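Consider the single chain below, provided in structure tokens and representing the form predicted on its own.
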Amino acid sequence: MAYNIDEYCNHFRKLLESQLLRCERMENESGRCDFSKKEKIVIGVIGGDGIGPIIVDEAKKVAEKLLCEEISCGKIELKVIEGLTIENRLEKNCSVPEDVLGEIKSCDVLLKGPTTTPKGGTMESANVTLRRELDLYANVRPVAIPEKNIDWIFYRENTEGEYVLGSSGIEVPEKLAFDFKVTTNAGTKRIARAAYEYAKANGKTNVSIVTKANIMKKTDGKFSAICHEVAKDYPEITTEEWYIDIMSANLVNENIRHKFQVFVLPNLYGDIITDEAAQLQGGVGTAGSANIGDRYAMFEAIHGSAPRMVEEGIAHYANPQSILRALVMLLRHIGLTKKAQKLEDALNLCNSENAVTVTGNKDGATCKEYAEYLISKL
């Protein structure tokens, strides 16, 4: 059987050209947005799919309570954005329809519920599209378990690796398939810099670089080398390097896991290991996530849209803590640190009191009941 090798090579050539253009754009970045200088900050609120609209609606109520003064004086606007649903995306055959993307780009930051990605086919994840379109290069996920002396923060590269071309692979029918992993100098430098700057600003003394550079010698090898180069600018911080497999084991090793502080790692590894870390904290429903770029930022729950809960008629029993933890991160990002701390303290108080407990089933409280109790503690 003859194979059209030229067709596959041309496909790869186009991908290569597009990634080189992306490198040039990154190299010409203009710098971070200063929220303290903005007259009005627009927070886009996106429900998403499945349990998303339920948990986001309660988070919106919490935000309205916390930010009532800022909203009333016009300093902050909560803007509800419709259309980022699986039904609309499938109808338009687009991961993020153009009109929805335009609305999103009119905002400064986003509070976003989980979105469903169709299995198979060629439609890209809405999150992957948004991370690329908004250049949200840093996925930041904190995990804290005070009683076990765990205080971690993960800086996951968010715009390249296996995900940037995840829907653009090559398949030779009945023979083989290729997907592509991309690591750029500019993309790695900025995520490494973000991790080390966080460590420096927050008194952290240890940064762990996590790769599989012994196997993925070009891509992970580059990521490792550039991170170590950036580390030279922070001599007061100890830098360690671990392979992703042993680090996955380290997170459940009670003898050493308390020593870790800041992690910096490529996209796929970060996606997997932060779910593991969140599970140690109490489940993915308890952890928030930030996607940060120089112009835009997106804050969301780290879990998915939970179609099983919808099918079983228990969607209203979903745990809103993850999206509420994301709201804490959003408030800190836009400079409202006191409001962020107020919300975080209320969340911790609710958990320690254990008076209203969400289990994800009918034996626990509903999402609305938890949010109402939380608001009473603000």
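The first residue of the sequence shown is number 1, and the count goes up from there. All figures in this text were calculated on a predicted structure; none of them were measured in a lab.
Unshown form predicted in complex with 3-isopropylmalic acid; subsequent notes refer to it.
The partner is not drawn, yet in the predicted bound form one stretch among 188-196, 210-218, 99-107, 122-130 has residues with heavy atoms inside 4.5 Å of 3-isopropylmalic acid: 122-130. Three-residue candidate spot W152, I292 and H333; no residue lies within 4.5 angstroms of 3-isopropylmalic acid in the predicted bound form by any non-hydrogen atom. Residue in contact with 3-isopropylmalic acid in the predicted bound form (any heavy atom within 4.5 Å), chosen from F299, Y269, Y137, Y163: Y163. For R141, a non-hydrogen atom is located within 4.5 Å of 3-isopropylmalic acid in the predicted bound form, even though that partner is not displayed.
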